[in-house]
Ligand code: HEM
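Below you will find one chain, with nothing else, as C-alpha cells; this is the form predicted on its own, and questions on how it binds or moves follow later.
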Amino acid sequence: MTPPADLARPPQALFSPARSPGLTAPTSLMETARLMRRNPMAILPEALFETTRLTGPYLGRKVHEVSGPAEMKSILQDNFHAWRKSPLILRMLTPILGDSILTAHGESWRRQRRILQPAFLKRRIDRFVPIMAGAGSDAVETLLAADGPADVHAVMNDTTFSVIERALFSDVEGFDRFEVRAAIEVLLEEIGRMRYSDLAPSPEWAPRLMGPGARRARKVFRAAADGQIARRRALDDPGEDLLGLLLSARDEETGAALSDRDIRDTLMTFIAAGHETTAIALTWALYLISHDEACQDALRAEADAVFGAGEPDAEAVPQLVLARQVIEESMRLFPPAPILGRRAVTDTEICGHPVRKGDVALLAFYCLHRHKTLWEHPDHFDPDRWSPERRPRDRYQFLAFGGGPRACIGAQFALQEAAIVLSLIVSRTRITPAHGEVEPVMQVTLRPKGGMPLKIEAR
C-alpha cells in the first residue's frame, strides 16, 4: 500500500474557510421561522461551539440542542428507541420517499435494514468501481470543457447521479432516462425547499401538499421504476446491479422479500441520499483543495503512484489514503447533513438530563465537527488530522454519516466513490479559486449558495 503523504503543517499554513456564524442572543418564534426558511444554519447558537448541550422552551415543550459526542451517543444509540425523526423532516421526505429505510420506524425500518444491509458488503461495492472511475473521467472532460470557471457543484451532481443511475440500472431499456432524470431533479428540489407551513406544529400524519410539477415528476419516476421492476421480475436472472440485489434480497430471519413498493421507494431513497450527499462532499472537497496547493500536489502524487495515467480498480482503491482523508476532512468542515432533528416518543434522558415525551432534540453535527474543545484548530482545513496517529478515537466525534443503528447504510459506497472521483479529477487538472468565500446554505443538505465556480486547467 502506498503510504499517505505527510501533510502535517503549522496552523498558519492551513486554509481556514469561513464558518456559519451562530446566534448570540435568543430570537422570537417568528424570527426563528424566518431564519430557518432562509438558512436553518442561522439558528445554531454560537455557544454550541464551546458547550455540548443547551435547553430552552419550544411550543410548550423543550428543545435540547446538543453538540457533544456523549450527547450524540445518548440519543442515537443508548436511547435509540426513545426517539423518532422530527415531524418536520418526515413531512418533507415521506411524500417522495414513501415508507423507505430513511423515513420508516419500528418493525418496518428493522425489516428493511436487515434485508438491505448485505447489498452494501465490500465485495458487492467493489464491483461498482469501474462505474465510479468512468464517471470520474467523464467529469474531468466536462470540467476542462467549461468556458471560464466551471460550476463544480453542478458537475458533481451530474457525476454522482451518473454513478447511482448506472449502479441501480445496468441498462435503461424501457424508459426515457432524460425524462426520468429531469423528474428526479424536480423531486430533489421539492425535498430541499422549506416553506413556512412546514414549520407549523402540524400532526405527524398530516400530508405535505406538493405542487403540480412535483406531483407530475413523482408520477413519472414511479411509472419508470415500476416498469423496471416488472421487467426484471419477468427475467430468469434479475441482474447484479443494485436493482437486481434488491429483487433477490431476502430477510435472513423470515425469508421475506421486499415488495415492489418497497423497492420503488428504496430506489428513490438511494438516488436522493446516495447522489446528493456525495456530490456535496466532493464539491466542498474541491473548494477546499483549490485553496491548498500543497494538498493538491500530494493528492496528485498519490494518484500517480496508485493508478498512473489509467483509472483505479478495486485493488487500488484502499491505497487512495490521502484522498479519503481529504473527503473526511471536507465532510467534517461541511457535513452534508449539518443538523438532525429528533422527537422523543417517550420520557427519556440525555446523559442523565431528563427529557419529556414530545421534547425535540437538535443534533448539531456542524457544531460537533468544529467544537473548540474537541478539535485542534477546528476551523482549519487539515487532512492530516485523519492520519492514523491523529484521527479521533471516539466514533461519535465525527458523524458525517450519522451514528447508531440508523447510521447511513451506504457510507462505504459514498466514501469509495468520492475518493475515486476526487483522485481522478486532481490527477488530471489543476484547481484554483474563482472568487472569495462561499456561503454554506442548508436545504436538507449543506450546499454552496449560488453554486461553486472554480478555475479548472489541464495538468
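None of the values given here were measured: they were computed from a predicted structure. Don't overthink the numbering: it's just position in the shown sequence, from 1.
Absent from the display: the form predicted in complex with this ligand. The rest refers to it.
A.B. asks: Among 228-236, 343-351, 208-216, 105-113, mark the stretch whose residues have heavy atoms within 4.5 Å of this ligand in the model of the complex.
C.D. replies: Heavy-atom contact with the partner occurs in 105-113.
A.B. asks: Given that the partner is absent here, does Lys85 sit within 4.5 Å of this ligand in the model of the complex, heavy atoms only?
C.D. replies: Flag for Lys85 set to yes.
A.B. asks: Consider Leu48 of the chain shown here, and say whether it contacts this ligand in the model of the complex, taking contact as heavy atoms within 4.5 Å.
C.D. replies: No, Leu48 sits far enough from this ligand in the model of the complex that none of its heavy atoms falls within 4.5 Å.
A.B. asks: Considering non-hydrogen atoms and a 4.5 Å limit, does this ligand approach Leu44 in the model of the complex?
C.D. replies: No - in the model of the complex, heavy atoms of Leu44 and this ligand never come within 4.5 Å of each other.
A.B. asks: Verify the contact flag for Arg37: yes if a non-hydrogen atom of it lies within 4.5 Å of a non-hydrogen atom of this ligand in the model of the complex, no if not.
C.D. replies: Output for Arg37 is no: heavy atoms all beyond 4.5 Å of this ligand.
A.B. asks: Any chance Leu143, Leu288 and Met452 all have a heavy atom within 4.5 Å of this ligand in the model of the complex?
C.D. replies: Verified in the model of the complex; spot residues all out of contact, no.
A.B. asks: Name the residue from Thr94, Thr269, Asn157, Asn79 that puts a heavy atom within 4.5 Å of this ligand in the model of the complex.
C.D. replies: In short, Thr269.
A.B. asks: Consider the chain as shown here, without its partner, and state which of Arg391, Arg406, Arg61, Arg53 has a heavy atom within 4.5 Å of this ligand in the model of the complex.
C.D. replies: The residue from Arg391, Arg406, Arg61, Arg53 that makes the contact is Arg406.
A.B. asks: Note that this ligand is not shown here; using its position in the model of the complex, name the residues of 315-337 with a heavy atom within 4.5 Å of it, in sequence order.
C.D. replies: The stretch touches the partner through Met331, Pro336, Ala337.
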